[in-house]
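Single chain ahead, written as structure tokens, the form predicted on its own.
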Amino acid sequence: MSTVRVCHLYPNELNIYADRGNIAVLRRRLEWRGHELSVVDAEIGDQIPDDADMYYLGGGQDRDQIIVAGDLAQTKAEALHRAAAGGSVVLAVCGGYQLAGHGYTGVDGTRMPGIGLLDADTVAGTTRLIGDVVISVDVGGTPVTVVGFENHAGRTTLGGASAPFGTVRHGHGNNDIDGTEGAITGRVIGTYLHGPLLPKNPQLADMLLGWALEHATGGPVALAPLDDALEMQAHRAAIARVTERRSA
């Protein structure tokens, strides 16, 4: 039995999209395989370890992001950069994705600092990008379809140090222009997909868990297969909903 240590950043402020559901999925999929999940919550002012196996940064409204942005940059950024350099997994969703990049510029021109884990920058648009999303993801040579929901005003563009997390098949993605969604550098992933993300995407959940277990144990860990019939039913239903709307 192995224990995966997760540092959940700002669970009270950045939980607008049922982000705790992602933590619940990680816990249950580990327990079904005889492993454990240990979660440490880190709020404003808290120092964080630089050796956790995974860090999770969820989404919030603009006012919530403003509350945590300064603290993230001042008290947690250095530890997160050390952790990422050491092979820890970082998953940043929606507002967390924007803060994991270089920053976010609001419609009024105010600048919210990011921490530069991802080579991405975000500027608010005048309209929101909302709806179901289907993307194609190819991480480590394994193609996966990922589904979710997006609701963001930000238009995110990537620099050369980060690759897109996925290619948009349906939805708006990073900016509704270049067909990209999210960003990835090493084992740091940012994405606008929520709802929450992992319940309908068991393959993605297991990819993250595989990375985290490798960090925890110092070597690859084979994940026993699970009966994902219910999860894949939800996955297919999300794709079918998009298909039905296209044909309507």
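Just count from 1 along the sequence shown to find any residue number. Given the structure is predicted, the values throughout are model-derived calculations rather than measurements.
Below, we turn to the form predicted together with a small molecule, even though it does not appear here.
Undergrad: Establish, in the model of the complex, whether Cys7, Tyr56 and Gly190 all lie within 4.5 Å of the small molecule, using non-hydrogen atoms for the distance.
TA: Checked in the model of the complex: no contact with the small molecule for any of the three.
Undergrad: Spell out, yes or no, whether the shortest heavy atom distance between Asp62 and the small molecule in the model of the complex is within 4.5 Å.
TA: Yes, Asp62 is a contact residue.
Undergrad: So in the model of the complex, does Asn151 come within 4.5 Å of the small molecule, heavy atom to heavy atom?
TA: Asn151 belongs to the contact set for the small molecule.
Undergrad: Contact between Cys94 and the small molecule in the model of the complex at 4.5 Å, heavy atoms?
TA: Judged by the heavy-atom cut-off of 4.5 Å, Cys94 is in contact with the small molecule in the model of the complex.
Undergrad: So in the model of the complex, does Arg128 come within 4.5 Å of the small molecule, heavy atom to heavy atom?
TA: Looking in the model of the complex, residue contacts with the small molecule include Arg128, since a heavy atom lies within 4.5 Å.
Undergrad: Just to be sure I understand the contacts: of Arg29, His215, His194, Lys200, which is the one whose heavy atoms reach within 4.5 angstroms of the small molecule in the model of the complex?
TA: In short, His194.
Undergrad: Which among 137 to 145, 96 to 104, 159 to 167, 74 to 82 is in contact with the small molecule in the model of the complex, heavy atoms within 4.5 angstroms?
TA: Of the stretches listed, the one contacting the partner is 96 to 104.
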